[in-house]
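Have a look below at one chain only, the form predicted on its own, in structure tokens format.
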């Protein structure tokens, strides 16, 4: 059974009037994965999650969870549980009562409820908080209560709808690590909806990037970042410098491109897409220097437009050939004097093998 996906989605479409919020999506979610649905607001990711939960019904297509067709199966009979963005913790109940609620309404015996509530609170590190009420808890603690309430029912699939968006940055980063730990510990599949690229890349084992109701690419985080297939994915996942390009020739292990703002560029012909429309280079792959770099690097002359300091690194924006490019420089010392000032002439360069080929 381990090789069979826990979720199979086939041709799933959801229309609201003439608008297709989810448009012919097909994908599989492996067992025990931490799967992220990533995309901008309005891309259809939450609608897709709600169809998995049973809160929305598909216009077309089907959903199978653990091999079982979900058509006509109400939310309370699906092997899933959902943690909402607002946590939806009952304010008049204690922590223990909140976690126990789903078990009580399904008639689980009291001794079993007490045992499973204690187990769930230990998993989310809230042992000792049983008698507290939500107004005595921090935002992070409320989120843990919501997680415990979902996990206590032992679902095959845990759905998380932007669960960290209400937390401040430091707590959000701490909870990212907690969710990864929790997923490893309980060994069930997590599906998270997020618009935060860093959140998806740092937590998920698989990421599906969505836009305008469609899934554009599903990959592990490293592949998604290093080898995006399209201009949208490259631009949405982190910063990127994009140059329009067209194929000139290919052969003998080499692909030759005419690249806007660079000229002709020869790249290793290992995985050229059928139709190259652009070349992308990540800012950390770019090097900025006051003198021309060594031979073998692709070089672009320009002037420093702006320098943004971020503590451990700076982003150097360079005006070159009518475009604005960005390079990341790591700051090795706080006392290090900046080697560039706005308006200084400079050279941006990158290795040909660091170029990413985009086909759409």
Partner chain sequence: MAERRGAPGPLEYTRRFWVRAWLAATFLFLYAPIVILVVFSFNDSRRNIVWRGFTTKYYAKAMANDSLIEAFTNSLVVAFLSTLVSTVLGTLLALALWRFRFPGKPVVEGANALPIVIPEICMGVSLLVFFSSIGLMSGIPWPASLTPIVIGHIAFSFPFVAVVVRARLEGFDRSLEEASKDLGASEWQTLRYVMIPFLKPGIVAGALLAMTLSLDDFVITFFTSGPETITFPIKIYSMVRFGATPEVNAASTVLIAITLLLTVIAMRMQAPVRGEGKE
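Positions refer to the first chain, counted from 1. What you see is a predicted model, and the numbers here were worked out from it, not measured in a lab.
Same protein, other form: the form predicted in complex with the partner chain, not shown, and the subject of what follows.
When the partner chain is considered in the predicted bound form, residue 86 lines it closely, a heavy atom lying within 4.5 Å. When contacts are judged by a 4.5 Å heavy atom cut-off, residue 95 does not count as touching the partner chain in the predicted bound form.
Within this chain, residue 223 is remote from the site of the partner chain in the predicted bound form, having no heavy atom within 4.5 Å. Residue 91 belongs to the set of residues with a heavy atom inside 4.5 Å of the partner chain in the predicted bound form.
In the predicted bound form, every residue of the candidate spot (76, 106 and 149) has a heavy atom lying within 4.5 Å of the partner chain. Shown alone, this chain has one stretch from 177-185, 224-232, 111-119, 96-104 that lies within 4.5 Å of the partner chain in the predicted bound form by heavy atoms: 96-104. Exactly one listed residue, out of 136, 127, 289, 165, brings a non-hydrogen atom to within 4.5 Å of the partner chain in the predicted bound form: 136. Site annotation in the predicted bound form: the residue of 282, 153, 172, 206 reaching within 4.5 Å of the partner chain with a heavy atom is 153. Contacts between stretch 66-83 and the partner chain, counted in the predicted bound form as any heavy atom lying within 4.5 Å, involve 75, 76, 80, 81, 82, listed in sequence order.
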